[in-house]
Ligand SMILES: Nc1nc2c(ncn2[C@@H]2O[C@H](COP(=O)(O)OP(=O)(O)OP(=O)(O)O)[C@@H](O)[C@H]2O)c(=O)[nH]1
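Next up is one chain by itself, shown in structure tokens, the form predicted on its own.
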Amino acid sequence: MRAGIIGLSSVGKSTVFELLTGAPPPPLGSRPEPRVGVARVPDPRVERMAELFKPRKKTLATVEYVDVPGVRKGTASTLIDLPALRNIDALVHVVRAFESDAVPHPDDTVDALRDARFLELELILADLGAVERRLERLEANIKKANRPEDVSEKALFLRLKEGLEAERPIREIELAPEERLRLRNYSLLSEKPLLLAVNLSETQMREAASFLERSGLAALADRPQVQLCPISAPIEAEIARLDADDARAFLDDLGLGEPGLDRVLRATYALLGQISFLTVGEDECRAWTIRSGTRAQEAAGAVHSDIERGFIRAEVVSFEDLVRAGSMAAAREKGWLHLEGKEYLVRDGDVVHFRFNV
């Protein structure tokens, strides 16, 4: 699972990337380039299972983030590094809402709603250019061979063009599932699910919900496949320097249930319809990432292709029931562990042991 982090310059985008992934800052004076890092998705269930089963290691689900150099308005070059955003599954747009004399806004004034709309329009314009180029190629192909698949694709891309010209992102254009599937080959950016990560000051963070309503960002995010997540880079940087107890006390003082970066990770996960199932054993306790609605045999493939190929049955117990029972043997005795076939839809938090033969 891969997400691209985008934003205007001086919004705290790279700071968010570094805090999410643990990546070091780039060397001073180095040329801005895309950076890739991996963040672990917090999951208290994995921690609890590790306490219960004492495995040699524990492994959390991960999200790969690509940090794209900040966009500067008014430049003659392409505003968005399109090659760096190929093969991503979602976009995280870091939007600046904090004021700072030390870090002036490139436009002199801070307006989070304005900036969010501006970059969305840039994504739409980038897609419009790609769609127009594709239509030119389709026209040429149809003149040569007039294949039915090219004719149907032309009709699809004409609908996309119409929507984009009306400044509608592709994610809001009504498309059939097979049409969405066809678009995967084109990496159209406004088709990707979007997380607006609003970077607030510590003061703003104390009243984040009311700020998001007043600013108009809450209304902007009330659209298909768009989510809103308030964060505060200064708070996150402070938490990163504290031990667990002090960090908890700091969050409690601010009235926050969890670090903002945890919310970013969970929101990224949820945007893409991802869930986690768990496996436990002496060697490892692990969370595995699959799409919601995945059948048991396909979920087995997340662990290993041989297990999917030789799938026989899945032994399944919910995380809650396993914790209540205290062991797999006790869960079996209580009738809470059940056998499922290949068509079983794996649920978030299922603890699964696959039986297979190859």
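Throughout, we count residues from 1 along the sequence that is shown. These numbers come from a predicted model, not from an experiment.
Although it is not shown, the form predicted together with the named molecule is what the next lines describe.
This chain appears without its partner; in the model of the complex, the one residue of 103, 237, 166, 244 with a heavy atom within 4.5 Å of the named molecule is 103.
Of the candidates 190, 274, 227, 199, 199 is the one whose heavy atoms come within 4.5 Å of the named molecule in the model of the complex; the others do not. None of the heavy atoms of residue 37 is located within 4.5 Å of the named molecule in the model of the complex. The named molecule in the model of the complex is not approached by residue 211, whose heavy atoms all lie more than 4.5 angstroms from it. The named molecule is not drawn, but in the model of the complex it has no heavy atom within 4.5 Å of residue 269. Proximity of residue 14 to the named molecule in the model of the complex falls within the 4.5 Å heavy atom cutoff. Only one segment in the set 114-122, 229-237, 154-162, 279-287 has residues whose heavy atoms sit within 4.5 Å of the named molecule in the model of the complex; it is 229-237.
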